[in-house]
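To begin, one chain is listed below as structure tokens, in the form predicted on its own.
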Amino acid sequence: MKHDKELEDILGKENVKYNEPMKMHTSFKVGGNADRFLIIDSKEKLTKVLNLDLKNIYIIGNGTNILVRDKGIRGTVIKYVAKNYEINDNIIKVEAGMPNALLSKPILENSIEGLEFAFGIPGTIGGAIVMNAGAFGREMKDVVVSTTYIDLDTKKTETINNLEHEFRYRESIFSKKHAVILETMLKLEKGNREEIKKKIEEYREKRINTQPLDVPSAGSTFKRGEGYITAKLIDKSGLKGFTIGGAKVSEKHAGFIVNAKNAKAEDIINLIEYVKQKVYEKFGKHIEEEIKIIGE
């Protein structure tokens, strides 16, 4: 492929993969191959790569909220893994590749509260901003001060404030913008370390008890509805445990579709559409998937 040699020089051969199975890079553990897969660990390397003017670029974090179709991705997938951080009192500047769970350690050590809700959400800080991730009554919109990103269309680096993110339920300006998030600034609060630790543990236990964390999934498959809880409608439609191929509606939490037995992406997509159809037939509600489906 064009630019292969330059990419290997910039990133190292071990970080440039060809015909790479995307099931190795998504929490659903399904999906066809990407033509080219790049692992980039710094803004400087990312800038050099983008200056090569690659075509058909896809950006992923930990692949925890995406489903890649069975025919894979024609183009280049970039996994941005830069994860440096700085803590100044209760202000945290953190690079987009930082896993949410990994950030919990320095935050706890510095007795900072306000981000406990995010530590059990799989994925990275960058991904959490893209989808305005949330849990237990809190969302990223409540803590983000600013975000710096590279616009992939203009190649310009921009910084936006909280309002300019256009945060909505499980969406932000980045949901549709062709961009790579570099870093974000978060404003939290000083707190009591033991109380913070207790809350983190409490949230972790709730997730273990209510979510199917022992099987591959992309977290909650469907968005919350206006005035109703989507998972309850799915449950009342008698769909818990319903399967198509290797995909199943979780018996533990009806809002999760899981890869129960060597599912194909097609199985999951067909099951999503079946659930949407049945909920509409029974309740007249158009439910929407929360996950992003990419590829061919």
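One-based numbering along the sequence shown. These numbers come from a predicted model, not from an experiment.
What comes next is about the form predicted in complex with a small molecule, which does not appear here.
The candidate site formed by 104, 114 and 191 is entirely out of contact with the small molecule in the model of the complex, as no residue has a non-hydrogen atom within 4.5 angstroms of it. With the small molecule left out of view, the stretch that reaches within 4.5 Å of it through heavy atoms in the model of the complex is, among 86 to 94, 197 to 205, 212 to 220, 154 to 162, 212 to 220. The small molecule is not drawn, but in the model of the complex it has no heavy atom within 4.5 Å of residue 37. Of the heavy atoms in residue 60, some are within 4.5 Å of the small molecule in the model of the complex. Of the heavy atoms in residue 77, none are within 4.5 Å of the small molecule in the model of the complex. The closest heavy atom approach of residue 128 to the small molecule in the model of the complex falls within 4.5 Å. Taking 27, 33, 230, 237 one by one, only a single residue has any non-hydrogen atom within 4.5 Å of the small molecule in the model of the complex, and it is 27.
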